[in-house]
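A lone chain, given as structure tokens: the form predicted alone.
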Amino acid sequence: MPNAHVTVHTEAGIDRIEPELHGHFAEHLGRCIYDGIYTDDSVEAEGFREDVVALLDDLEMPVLRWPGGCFADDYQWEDGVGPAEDRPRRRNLFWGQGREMIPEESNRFGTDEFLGLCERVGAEPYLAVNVGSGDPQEATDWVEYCNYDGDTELADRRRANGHEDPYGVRYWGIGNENWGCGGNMGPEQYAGEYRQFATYIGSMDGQMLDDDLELIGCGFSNHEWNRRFMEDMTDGIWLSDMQMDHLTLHHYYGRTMSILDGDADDYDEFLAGALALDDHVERIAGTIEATASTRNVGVIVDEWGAWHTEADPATGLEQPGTVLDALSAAAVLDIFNDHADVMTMSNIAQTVNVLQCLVETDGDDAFKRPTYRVYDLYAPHKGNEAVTTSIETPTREVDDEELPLVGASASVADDGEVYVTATNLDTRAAHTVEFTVEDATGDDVDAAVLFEGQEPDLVVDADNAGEFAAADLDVSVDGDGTVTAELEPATVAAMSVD
């Protein structure tokens, strides 16, 4: 007997699911860049770890954010261009390299290496400029180096460094966490900094470029800070004249939980923390609507994911990759689908080896983590029209709130195919879920499931990584087209319905 019901309202469209909602983030931190994406002593051409690049290419990531993170606001981009032997070795003020977290940066991986990686894997680059310790000239010079096709010293320098054509970088973040490691700024102070940087960067767009830059403001999970920032930004007519195309926030969860020592109650609290992102997206979108109603400013969550006690700064923020973390990622991606009308991008932290990475390296091995499998399973949503779902689900009380034990989202492709994803967030029990897709006959249903028979704290390694792949999900279809499936504890499912 079903104890949860999901109804997909195929005619109740939300908006297009931008592929960039499945974006990623790489920072000069621990083993994300060096011994992750790139390695100093690699025998491969260009110094890339080709095994990692191949996995990232297969992922079809739409956008990749770099160089930070806190690292961005103490990074001088010119240190990382030109012949590698001529690049200065600098401090890494906030993090460090390797598991030893040596607070130094070799600059062997710089702008051209990053943008070359994006070209190889087909990702749009998203660059975060240095607002905390930099200045508008440095940021504008970076835009010119990357994007200008004329006859200036910076454009010629790019050509001399091996890239004749402009890179055409579209996304430019004006700082990172400027309320914190990016300068400990108040909202009005950051608004002034944003206006100054955007004046110079924005003036390039249309004067030297082709009106294709998208500028990204740094928001906060403190929504009063966001309100004050946006009110200062929209005082007068400035915002209508200059660019701010997106506003960000960051959301980490699980900071007090050991993924190896947690129990079922801890898992519930952790998953409730992931679902709290739904409220944050609604609140920052509400702030934008209230203060910038005449301008289309999208919401970006450009850092998010699980951060457990195992992720110690002293060891490069590495933590085990588990089923539970992947389950939380699925729940968050469902949230993003439901907010497709306001959300324009997200970037899970981080791409390789750090925090809730999708790829892990161990010596000569590189392998997919369970969260990678979730991104694969959810990929058909990209570019579809998100549609409304109604969910009837059992709940469990967690810290005076009700944790829904079954979640879902759905989308419709251009050819009419409906794609539904669902999560059993209950790590203790299975739930039988009945799916009703309006106007569907159920004649052609394909279903898959992740993590059946696997414990929430099961850790991936090079030897067992293949065991986390999706399997076929058994479903039954009634005469009226209703689809029923039993979802085992801590599983993620997907089905396509014509």
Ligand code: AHR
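Since the structure is predicted, the reported quantities are computational estimates derived from the model, not experimental observations. Start at 1 with the first residue shown and count on from there.
What follows is about the form predicted in complex with this ligand, which we do not show.
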- Would you please decide whether residue 353 lies within 4.5 angstroms of this ligand in the predicted complex, comparing each non-hydrogen atom pair? no
I'd like to check something about residue 29: if you look in the predicted complex, is any of its heavy atoms closer than or equal to 4.5 Å to a heavy atom of this ligand? yes
- Within a 4.5 Å heavy atom cut-off, is residue 250 in contact with this ligand in the predicted complex? yes
Discussion item. Can you tell me if residue 176 lies within 4.5 angstroms of this ligand in the predicted complex, counting non-hydrogen atoms only?
Written reply: yes
If we test each of 95, 142, 126, 378 for a heavy atom within 4.5 Å of this ligand in the predicted complex, the one that passes is 95
Note: exactly one of 334, 303, 360, 105 sits with a heavy atom within 4.5 Å of this ligand in the predicted complex, namely 303
Would this ligand in the predicted complex be within 4.5 angstroms of a non-hydrogen atom of every residue among 66, 132 and 172? no
Given 212 to 220, 266 to 274, 67 to 75, 149 to 157, the stretch touching this ligand in the predicted complex at heavy atoms within 4.5 Å is 67 to 75
In sequence order, the residues of 305 to 325 that place a heavy atom within 4.5 Å of this ligand in the predicted complex are 307, 317
